[in-house]
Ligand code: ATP
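First comes one chain, alone, set out as structure tokens in the form predicted alone.
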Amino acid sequence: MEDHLSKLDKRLLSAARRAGALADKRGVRLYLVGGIVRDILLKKQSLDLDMVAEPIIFPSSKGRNPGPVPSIGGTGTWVEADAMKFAKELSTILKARLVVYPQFKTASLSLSNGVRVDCATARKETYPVSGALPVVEPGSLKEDLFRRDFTINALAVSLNKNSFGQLIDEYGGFRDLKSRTIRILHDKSFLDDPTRILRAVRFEQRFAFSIEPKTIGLLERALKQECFCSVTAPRLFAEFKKILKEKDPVKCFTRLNQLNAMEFLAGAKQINLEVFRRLNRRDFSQDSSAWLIYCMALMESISPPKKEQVLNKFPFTREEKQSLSQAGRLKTVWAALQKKDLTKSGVYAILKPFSLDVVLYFLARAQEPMVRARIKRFLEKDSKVAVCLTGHDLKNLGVVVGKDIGLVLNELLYRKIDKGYKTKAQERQWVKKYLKAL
């Protein structure tokens, strides 16, 4: 039987083997599950290990220790694998920081080498109503895999010694990986959890896969039933944000437009993506704040009333809301930056009130060379300028009123930007001249 973990990153492999050894010792079946298995088979690197401990059956006997991992089958007593206890013991072995989530019966371990291990008990789930959070209870591995979104994410690999690296494929996920196919596991999947529509598109575009015809049909049927109305705004926002964090979110939103699946955002089945496509992605790195810049581009295509609805609907932070609102002043800022006689300090005064993300957005949207050059200079040089003199220094030079100190320091900063003062002495000399001229 092929060992699918043989080429795993050494850090991950070490953690997986030690976890498997502990599982053998404790009589627990342990598996890697979900996205990590998919990524291993696609030869993509990750530092996250998602582990599931499966309940076991052994013949009823008071006080009996399960011992070695038994075979499934027959009748007997279910013994729930306690992922939290297992994770606590594993954290000691791996010398990892442990965080426990009692309400979900899960735990996370963070290792010093960057590896993260999530532990959970195998679960089954039912959805009381469409779009609601599921009711979860202990289950078998097969049931745990069945609750996943797509077949390619419903794969597992054994970590126990006698089957280490063995692939468990209950629903044809390996076949769909090879055929580059996105397929849901059952017909009610999108109705149970409409956010899977967004995930289907995200995975399809990330891996250059195709959503298979039956899945497309069920997706479209769910949309006709206005399935997004049953999902809470925070859950929709979480998936929306993940799309914005993709390497190429333009492809994802183009596909969502094709599927008439944009209603979750602003109430329309499609959205104008012209601005989104014109965004110059070379002007900002794909870091933690890039998603917000992409969001600004989407918002530019939405009418002000709808934009206000989006800002109130989704749980943006106060700072994010402010940045999204500031981005709406794009054309006004561009017009101000096109004035030929504008000084460097003048550019500073225009751009300083905006957050860094908003300024980066102004740059990524700008086409006019002079505007781009002025924004770049502000970002790379002038925004970092600071005066050397302090309020105490100004008092010694004769400035008395506190308000005047702030005004003088501000004027000094502008002069330093324009003249390029390098020393404290140059600043002091300018202040003396400035005060004499008052």
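Just count from 1 along the sequence shown to find any residue number. The structure displayed is predicted, hence computed values, not measured ones.
Not on display, but discussed next: the form predicted in complex with ligand ATP.
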- Message: With a cut-off of 4.5 Å between heavy atoms, is Gly27 one of the residues that contacts ligand ATP in the predicted complex?
- Response: no
- Task: Classify Arg206 as contacting or not contacting ligand ATP in the predicted complex by the rule of any non-hydrogen atom within 4.5 angstroms, answering yes or no.
- Result: yes
- Message: I'd like to know if Lys242 sits close to ligand ATP in the predicted complex, meaning any non-hydrogen atom pair within 4.5 angstroms.
- Response: yes
- Item | 4.5 Å heavy atom contact, Arg199 to ligand ATP in the predicted complex | yes
- Only one of 188 to 196, 157 to 165, 263 to 271, 216 to 224 has residues with a heavy atom within 4.5 Å of ligand ATP in the predicted complex, and that stretch is 188 to 196
- Item | Among the candidates Arg147, Arg365, Lys307, Lys105, the residue which, in the predicted complex, approaches ligand ATP to within 4.5 Å (heavy atoms) | Arg147
- Message: With the partner left out here, which residues of 85 to 124 have a non-hydrogen atom within 4.5 Å of ligand ATP in the predicted complex?
- Response: none
